[in-house]
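In the form predicted on its own, a lone chain appears below as structure tokens.
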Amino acid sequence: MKSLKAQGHLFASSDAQMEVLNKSDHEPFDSKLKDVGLYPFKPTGIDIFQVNLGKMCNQTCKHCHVDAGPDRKEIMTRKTMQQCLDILAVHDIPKVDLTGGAPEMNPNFRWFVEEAAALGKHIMDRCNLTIITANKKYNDLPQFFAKHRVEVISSLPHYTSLRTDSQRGDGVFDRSVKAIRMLNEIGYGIEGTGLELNLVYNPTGAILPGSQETLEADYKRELKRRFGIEFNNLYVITNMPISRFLDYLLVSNNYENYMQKLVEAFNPNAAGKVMCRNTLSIGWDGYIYDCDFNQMLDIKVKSTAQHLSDFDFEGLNSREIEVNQHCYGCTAGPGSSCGGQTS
């Protein structure tokens, strides 16, 4: 499957996606925030520096909000990565969250991890698992991760091959299990080692996810019983109505129904804990966003510091967070963030 961009698809344009989102008759998200006393929406601090190292990926998943794939050539340069490191060196931002695409496909990935680790940062890597087995040059990633105490966060839509492969591609489940075994062998996901392996669940259809606690128990029991593999935590994430998932919703005539579910499930407690309040999202080209989803919709931060070259910690820490209709996805039910459910 080609990316939307390679297909010349309408939704390769963020403007086209925004047009669909803003046609809705549902209450504007900022009005909903006003109703519950959360507007203007402001940060609670900057604890996480999330960096998109590029849109290149060895997979082309049906739900991908990044529209990543092998045909995407956008990649963060070493110069831009150095700008990130220069900022991290002088500001107390404890966590660095690396994402993509497959962040490991950036040729400077290992150098960046080493430099960030040397600054004493806690590093998280959004690894799709199959990259570990995709090529011999990636086979030693588990050892590299362990050396630098990298927290590995990996998507596994289900503990069965059918539901995982239907979302992420044929053979992905088996390769993912193999990669988890490689990680388990050196201590990842094993209690007491300090090497964290956290899996991510998101629904395969136009439904809201169930309880994180229940799903985690199911995953741990079934993955251990069926394959003898282990992990630390399961993060449950709601599918955002953007990019490829937005296309799926429209093609399957599920868009209005799905948006209605999100709006009706709005949770003020979850809204107060969404990731944009303690995270900055950095694009592959150095532009700054409130979150990964705003990044993919090209909604830059509401600040004069919209690029790393103009970075202003205090200004960004006091900015007003940009919101739109897709934000209902993060505030529905128990909430949704890169770290799972929020309430």
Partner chain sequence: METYYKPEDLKKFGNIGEFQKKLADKFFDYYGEVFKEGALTGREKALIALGVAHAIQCPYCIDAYTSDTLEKGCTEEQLMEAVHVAGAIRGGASLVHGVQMMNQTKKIMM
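Numbering follows the first chain given and starts at 1. Since this is a predicted model, take the numbers as computed values, not measurements.
What comes next is about the form predicted in complex with the partner chain, which does not appear here.
- Only one segment in the set 114-122, 214-222, 245-253, 266-274 has residues whose heavy atoms sit within 4.5 Å of the partner chain in the predicted bound form; it is 214-222.
- Using a 4.5 angstroms limit between non-hydrogen atoms, Val90 is distant from the partner chain in the predicted bound form.
- Within 4.5 Å of some heavy atom of the partner chain in the predicted bound form lies at least one heavy atom of Arg163.
- Although the partner is absent from this view, Ala134 stays clear of the partner chain in the predicted bound form, with no non-hydrogen atom inside 4.5 angstroms.
- Interface residue remark: Arg175 is not counted as part of the site for the partner chain in the predicted bound form, having no heavy atom within 4.5 Å.
- In the predicted bound form, no residue of the candidate spot (Gly194, Ile229 and Asn232) has a heavy atom lying within 4.5 Å of the partner chain.
- Scanning Gly210, Pro94, Gly171, Gly187 against the partner chain in the predicted bound form with a 4.5 Å heavy atom cut-off leaves one residue, Gly210.
- Contacts of stretch 134-159 with the partner chain in the predicted bound form, defined by any heavy atom lying within 4.5 Å, are made by His158, Tyr159, listed in sequence order.
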